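Let us start with two forms of the same protein chain, each given on its own as structure tokens and named structure 1 and structure 2.
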Structure 1
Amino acid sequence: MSVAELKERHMAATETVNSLRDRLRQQRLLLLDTDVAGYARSQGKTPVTFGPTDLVCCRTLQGHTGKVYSLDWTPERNRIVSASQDGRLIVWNALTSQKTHAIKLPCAWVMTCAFSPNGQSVACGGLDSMCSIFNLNTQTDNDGNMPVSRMLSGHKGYVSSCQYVPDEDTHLITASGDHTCVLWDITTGLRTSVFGGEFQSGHTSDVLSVSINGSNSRMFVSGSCDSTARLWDTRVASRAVRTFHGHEGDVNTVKFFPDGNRFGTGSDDGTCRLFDIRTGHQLQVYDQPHGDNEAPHVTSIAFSISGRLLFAGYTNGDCYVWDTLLAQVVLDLGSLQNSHDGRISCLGLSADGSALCTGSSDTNLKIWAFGGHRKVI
């Protein structure tokens, strides 16, 4: 076939794909008979109301000398690992505010960190395109240098996000600027599977975030600069199970909903969204004017343990607490006393759901918990 003929077929195929996507969009709209807020209102639900001293900052973890980019809690209750522009990982006991480890990284440009399920290792990645694993039982020298116990190399772009597979200390998933996600076997240092990429169907731009389903660890979602989120089955690397359209900008953050059948996203378009993995429906958009001329971008999200609250950090320093059911902002942690002085770059909920940790460009981490009077149904 000549180049000219190929080009014609290419144009025709492009039109076919566009037309199919349009039809899909329209068919989906017909099935969106309600959103979550509409349904909840029809059931008589009213928004969560917080008193002025209900959610409070009960710890400020100071120690980083640069912006905090990422944080992760251990599955057991109280420890956090954080990664910062200062080129260090710090491991904290959030309850006592003590630092148990301060690791100087071989590559200072770190973007993400994660705790292993057994709490004995931490992983980090960044502009070096690698994911480095540190065993916390190893000593650091006086400068904070700790030998890397494993280097996972193979990505052709920065590592933006990483997460250990729940209950598996030997496997983790990374997201990368090379448009792929990778499932790694840490014991061998090899890639078990590559999701997307040049020869497979996947994201068409940098992947910025990954979240593994806590109820079914074979499923994970990824968010990308291509404005989509994709659901993957780790057994099928050749194509995504489903692609979720809707956002109009980079999807910076994805997080599975506690029940494992839905996930949330946050984007440069200023909105968070809730998607259903089985039907593919966009169930809710969380969008509220912030009083700025241009909507600030969503940098990070986390759900409370029941899913009733959605915490969202924004580039203007706001940290909205959304009532997930009623799609209303019920609190702004960014406006509370003792809040961060800069944008919130990362959020994470403790394993038992009793505390939220926020990390900020002001170099601090803060722990938020419920200090009011709790009523039990």
Structure 2
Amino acid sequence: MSVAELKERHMAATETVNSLRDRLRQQRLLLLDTDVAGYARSQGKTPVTFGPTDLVCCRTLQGHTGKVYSLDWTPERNRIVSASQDGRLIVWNALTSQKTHAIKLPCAWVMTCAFSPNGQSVACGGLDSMCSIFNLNTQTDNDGNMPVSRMLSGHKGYVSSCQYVPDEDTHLITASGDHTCVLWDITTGLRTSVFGGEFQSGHTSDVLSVSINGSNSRMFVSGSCDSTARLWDTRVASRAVRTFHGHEGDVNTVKFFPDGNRFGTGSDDGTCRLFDIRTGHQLQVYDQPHGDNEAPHVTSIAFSISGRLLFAGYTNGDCYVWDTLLAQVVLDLGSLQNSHDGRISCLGLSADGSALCTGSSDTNLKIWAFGGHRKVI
């Protein structure tokens, strides 16, 4: 068979796949007679009352000299680790704004960071395709640098995301540009399981984000440049439990809903979406109209402790607070006077839900706390 014939058959197959995908999308729309917001309105539900005085910027963390790419809170809620384009991890005391550690990284091109459940170690990864572990109790060397306590090597592409398995300081999951996710045993430095790759049910492009189910740590979800999110069971690495379609751009961020039965996504298509892991159905789309202008990409999301609020950061500097029940924006932190001056690159909620931290390309982090008599939602 000639090259020309192969190309012709490939084009025909691509057209067939696209046609089937469109038909599948239409069938899904026919089956879903309503969404969460439609049902909530039919039951007379009203939006959360939320204003600029309900979530206020109480601290600005200054110290990075490059764009902030990633952040994570400790479970005890008083410390934050951030990763920046300046090639450093900084551990902050969230109550005082003081830096407790400034770690110079072996590879400056860092993309992700995470605290261990006991708060004694931090992990990070980036373009060196490694996941580096630092023990915060380790003494620094003569130059003031902290040695790496463990290097997790095995990915064939950049490490885009990492998260420790809840209540386990010895295991974490990474996502990579090599289309896979990996479960690691930190004690041995070896891969326990590889999700995707040569398996047909895996992602077909770079994996950008992972989120582990807080209610069942054997389950995690991943988001990818192939416009899908996939649910995995760490006991069965050979195939994804379920694949979730709907987005029309890279899925940059995924986050489990507090009850563990749903998860949210954020994408380059400018939307956030809510999916049910039990049925595989898309429950809601969170989409703000932008007229003829291209919608800003969603970079990071987090749910409030009850799940009633969805915090979403965007490339244009907006940070929307969505009412998840009615799919309405109740506040835009980006419109407030003391907001960031650049794109929101990452955000995260403290373990008790009392504070939100945002990181930006303006090199700063900001801590937002529920103000006045507003109860944590």
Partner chain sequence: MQTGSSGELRSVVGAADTRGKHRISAELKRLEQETRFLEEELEQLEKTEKASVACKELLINIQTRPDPLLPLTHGPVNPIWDRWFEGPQDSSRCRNAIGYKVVRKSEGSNVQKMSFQQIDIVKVSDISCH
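Just so it is clear, the model here is predicted, and its values are computed rather than measured. Structure 1's sequence is the ruler for residue numbers, which start at 1. C-alpha atoms forming the largest set that superposes within 1.5 Å between two forms make up the rigid core.
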Next on the checklist: Does the form predicted alone correspond to structure 1 or to structure 2?
Outcome noted: 2
Item to check | Shift of S354 between the two structures at or above 2 Å (CA, core fit) | outcome: no
Checklist outcome for this item: Taking the rigid core as reference, the Cα of V17 travels between the two structures a distance in Å of 7.4
